[in-house]
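Given next, in structure tokens, is a single chain: the form predicted alone.
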Amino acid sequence: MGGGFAGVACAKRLAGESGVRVELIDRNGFHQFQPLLYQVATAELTSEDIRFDLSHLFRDSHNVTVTRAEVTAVDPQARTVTLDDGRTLEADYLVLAAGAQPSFFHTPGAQEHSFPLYSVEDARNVRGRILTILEDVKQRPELVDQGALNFVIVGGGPTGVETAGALGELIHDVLPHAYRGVPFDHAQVILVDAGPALLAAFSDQAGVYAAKQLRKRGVQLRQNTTVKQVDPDQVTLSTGEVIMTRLVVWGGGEKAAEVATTGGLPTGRGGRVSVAADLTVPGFPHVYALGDVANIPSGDESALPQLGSVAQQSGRWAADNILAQIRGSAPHPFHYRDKGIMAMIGRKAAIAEVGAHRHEIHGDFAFAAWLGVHMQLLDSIGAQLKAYVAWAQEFYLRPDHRSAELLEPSRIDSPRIDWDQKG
């Protein structure tokens, strides 16, 4: 269940195994390369660049069937899943890899009026909203007084920091060449984070570096601050500050996909399914939960982080455990090979912590590490690396480059904005 890194890795490892039939269920029918969603949102890539048709990925795997459907319920006892078309499928082994969804933490108006960034559709919606705002401001410059050029990003983790850095470069370095006459000197990109430091999973020095690089790109920071309410035309912060805006990008946290709450599965932090060391769900030895939908134990830590590399490795490991069980052997505890954590704050401003002791690197070497890890993830799903390397060269070497096609008004796929709507 799920065509993300975990589900694809598991299915690929089981592909070609004699006597094994795999049904891979995904509601979209394609794998989306989530680490680069923010670059689709900020017109660096197209959505087609980061989505890969699952049927195509498994075209040569005759024992793998791809089903485009949404799983609405799981019965771990009967080992069945119910699909949104009413069908019920039964299996010998269930692999729950349904991923995550945004968590709005019960913030009033956030779900209705902000833009999450967790899917290809989300990224297209953000880009469409940006271009819609710019087209409207070009026609009606007075909209600047209504906060039209204020852009708010919520969350100081990798999603928020990477989005803020890319949006800062887009607003201040790129769009002025494409939208002449728009008063970009009035534009503000504002990052709001509840914590005292950005990139909390990284070192304190990494947070300081990220803050410095974001300010260099014109991003304003509101740290130790939460969002109290989101309205159609403004955001209210815990400090009492009210920011007029028509775009709030929500990167404030995530929780497990809704299907994790069905069937009485044991859940923990973030609503994620609790699993044993071998990735099976306690009490259900033939049910596995992987990737972002699971709390995977990790030594002294409560759970491994929600990373593509964790999902990918857990998918492969689960497949090996399933094959062991089929052969009458016991499944083995999962051992994660930590490749480090990294974030791209902007061009020539990557940060990475690599190795067993999390050695911190910036700049060119961090970009190389970031590129290498993402290339491995792409290679694991059978994506073409040539196009990715070409993009990386463009990204790194041409700081003012954007695809003109992506900035064309005709590419706008976003509802019109009711500028008279108030909070």
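All residue numbers refer to positions in the sequence shown, first residue = 1. Computed from a predicted structure; not experimentally measured.
This next part talks about the form predicted in complex with a small molecule, which is not shown.
- The small molecule in the predicted complex comes within 4.5 Å of a heavy atom belonging to T159.
- The small molecule is not shown here, and in the predicted complex it never comes within 4.5 Å of any heavy atom of F52.
- For the chain shown alone, I25 is a contact residue for the small molecule in the predicted complex, at least one non-hydrogen atom being within 4.5 angstroms.
- Contact check for L290: a heavy atom falls within 4.5 Å of the small molecule in the predicted complex.
- Here the chain stands alone, but in the predicted complex its contact with the small molecule, taken as any heavy atom within 4.5 Å, falls in 115-123 among 241-249, 214-222, 115-123, 164-172.
- For the residues A98, V235, V273, L191, the 4.5 Å heavy atom test against the small molecule in the predicted complex is passed only by A98.
- Exactly one listed residue, out of T107, S309, T267, S103, brings a non-hydrogen atom to within 4.5 Å of the small molecule in the predicted complex: S309.
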